[in-house]
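Next up: just one chain, as structure tokens, the form predicted alone.
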Amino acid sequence: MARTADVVVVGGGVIGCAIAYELAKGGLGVTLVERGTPGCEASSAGAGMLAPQAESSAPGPLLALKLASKALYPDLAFELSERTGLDIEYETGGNLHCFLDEGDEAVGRAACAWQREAGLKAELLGRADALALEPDLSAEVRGALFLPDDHWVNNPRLVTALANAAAQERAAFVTGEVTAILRTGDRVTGVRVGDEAVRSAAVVLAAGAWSGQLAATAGLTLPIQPVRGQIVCLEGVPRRHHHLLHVKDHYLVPRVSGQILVGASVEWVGFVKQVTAEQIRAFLDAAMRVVPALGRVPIQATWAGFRPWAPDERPVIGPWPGLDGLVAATGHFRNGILLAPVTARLIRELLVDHAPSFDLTPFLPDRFLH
């Protein structure tokens, strides 16, 4: 006898777990299928930044979506703590983009200008003010762009808390690999997990970098590709830093534990999960250039993961055109942690309320079908 559910969520990363939690809270019978441990891929491999301003180059629908999602985090952190007892370490210290040369300053001034014009908080700091925030900065740092509303969380804790909260709402978790999205004509009927079918009225495709492969099993084209990112984790105890630090194309994220995550690369190598000497050297060089004392800190771990990239670098959120019951929630690229709360809310609004509160036009999957 096949399993049945109102909705099957394919993928147990931060997006899938957040969606399972929202849908279960909304009264639907949810089954989430994940081939490994929830959050074992990109969701745990990232650094947990909630940085809509740092990760944007201009106003537009994507920035609006990022800001809407970040605004949900204070309540989400409290809710998850109350429900699960897990602290996701939501931190609000802000983001320092450090200037090492005139080129950095020019980029910072331009970013500050458009962000202020858009009504966002941004401040240009001289060296003395930057040092007042982070005394360990190197003599090379001549100033910084300060973005106080860029925040961060402990992303592995976040995924664990979302999974636990979803389970408390009676979402079922199935460990196994989805081998096909099942359809009869113009309607999805569920998924195949190994040799077993899980029947459902709706399927949410939230499989990250693997979403394109799974869409193909239903005869659909979804141009999602994997983009590898590597990170090095420094021990950094006792904790000395309380802001996100950016230098050139690299970032440093301090954790409550005292760990410092340094990343991250953007590599088009397919599904090759390797940590390379070249990238780790680049991370360490950048870290020591902005904070020389990190040269004496032990390396605790290194890892890599795959971000799901769409050709226009916008997430794919919404119903699949011409195929009833299939909803996409993928392609979040560098912003999966940031966009998880708003994505989950939108999927709930689509499937439960049938009225999304945000204009999904720029994010619908049908943009790839023309």
Ligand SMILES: Cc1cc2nc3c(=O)[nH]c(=O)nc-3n(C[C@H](O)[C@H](O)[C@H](O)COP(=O)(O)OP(=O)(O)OC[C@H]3O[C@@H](n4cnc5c(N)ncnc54)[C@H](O)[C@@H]3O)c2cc1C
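These numbers were taken from a predicted model, which means no experiment stands behind them. The first residue of the sequence shown is number 1, and the count goes up from there.
Another form, the form predicted in complex with the named molecule, is not on view; read the next lines as being about it.
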Please check if Pro226 has a heavy atom lying within 4.5 Å of any heavy atom of the named molecule in the predicted complex. no
Taking the named molecule as it sits in the predicted complex, is Phe333 near enough to touch it, meaning that at least one heavy atom pair lies within 4.5 angstroms? yes
So in the predicted complex, does any heavy atom of Gly305 sit within 4.5 Å of the named molecule? yes
Given that the partner is absent here, does Arg35 sit within 4.5 Å of the named molecule in the predicted complex, heavy atoms only? yes
Which of 56 to 64, 337 to 345, 22 to 30, 320 to 328 lies within 4.5 Å of the named molecule in the predicted complex, heavy atoms considered? The stretch 337 to 345
Partner-contacting position among Pro74, Gly176, Pro292, Pro156 - heavy atom within 4.5 Å of the named molecule in the predicted complex: Gly176
Of Leu147, Cys98, Ala207, Ala165, which residue is found within 4.5 angstroms of the named molecule in the predicted complex when only non-hydrogen atoms are counted? Ala207
Select from 247 to 274 the residues with a non-hydrogen atom within 4.5 Å of the named molecule in the predicted complex and write them out in sequence order. Tyr251, Ala264
